[in-house]
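Quick setup: one chain, the form predicted alone, written in structure tokens, and binding and motion questions come after.
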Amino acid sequence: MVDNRPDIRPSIRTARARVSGLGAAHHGTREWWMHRVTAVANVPLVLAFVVIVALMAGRPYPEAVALVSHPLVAILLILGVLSVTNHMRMGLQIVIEDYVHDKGLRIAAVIANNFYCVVVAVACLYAIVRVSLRALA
């Protein structure tokens, strides 16, 4: 059995110290920090994506495949997809949790959001891996 009685022992800790790092859901600030970390990571990764796309502009398909087949380029693209889709998933989940008030609809929306982001990430990763490995065949 779980003891749900309040703790009435005296403590020298302040109320803030007792709940330090805990939000209303009692899970801390992990999601907040992860959203900020992915936002910072997205800056160089999106810049790298723009440079890669600019380098491919006007090139024939075999040269574009050769560029994406370079290990550094493929890794940058994969990291970019993972970071951007994770950031997208967290950002939309925040919006859903803040503005969808019906519990059942909120749960369905969060599940749909997670499913959509995974599908987008898998499709992008499949395309990158397929194109990058084509040059090896």
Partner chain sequence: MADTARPTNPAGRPVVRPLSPHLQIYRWTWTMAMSVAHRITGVALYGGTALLALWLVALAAGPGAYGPVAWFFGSFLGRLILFVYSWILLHHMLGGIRHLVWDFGHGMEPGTRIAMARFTLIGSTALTVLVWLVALVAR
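Numbering follows the first chain given and starts at 1. All values derive from a computational prediction rather than experimental measurement. Basically, rigid core = biggest C-alpha set you can superpose within 1.5 Å across the two forms.
This protein has a second form, the form predicted in complex with its partner chain, left out of what is shown; the following refers to that one.
Visitor: Just checking whether residue 100 would be counted as a contact of its partner chain in the model of the complex - the rule being heavy atoms within 4.5 angstroms.
Guide: No, residue 100 stays farther than 4.5 Å from its partner chain in the model of the complex.
Visitor: With the partner left out here, check for me: in the model of the complex, does some heavy atom of residue 72 sit within 4.5 Å of its partner chain?
Guide: No, no contact at 4.5 Å.
Visitor: Check whether residue 43 has any heavy atom within 4.5 Å of a heavy atom of its partner chain in the model of the complex, and answer yes or no.
Guide: Looking in the model of the complex, residue contacts with its partner chain include residue 43, since a heavy atom lies within 4.5 Å.
Visitor: Mark residue 131 yes when one of its heavy atoms lies within 4.5 Å of a heavy atom of its partner chain in the model of the complex, and no otherwise.
Guide: The answer is yes: residue 131 has a heavy atom within 4.5 Å of its partner chain.
Visitor: Find the only residue in 79, 47, 34, 108 having a heavy atom within 4.5 Å of its partner chain in the model of the complex.
Guide: Result of the distance check: 47.
Visitor: Just give me the residues of 113-130, first to last, that have a heavy atom within 4.5 Å of its partner chain in the model of the complex.
Guide: Those in contact are 113, 116, 117, 120, 123, 124, 127, 128, 130.
Visitor: After the core is matched up, is the C-alpha of residue 68 off by 2 Å or more between this form and the one not shown?
Guide: After core superposition, the displacement of the residue 68 C-alpha between this form and the one not shown reaches the 2 Å mark, so yes.
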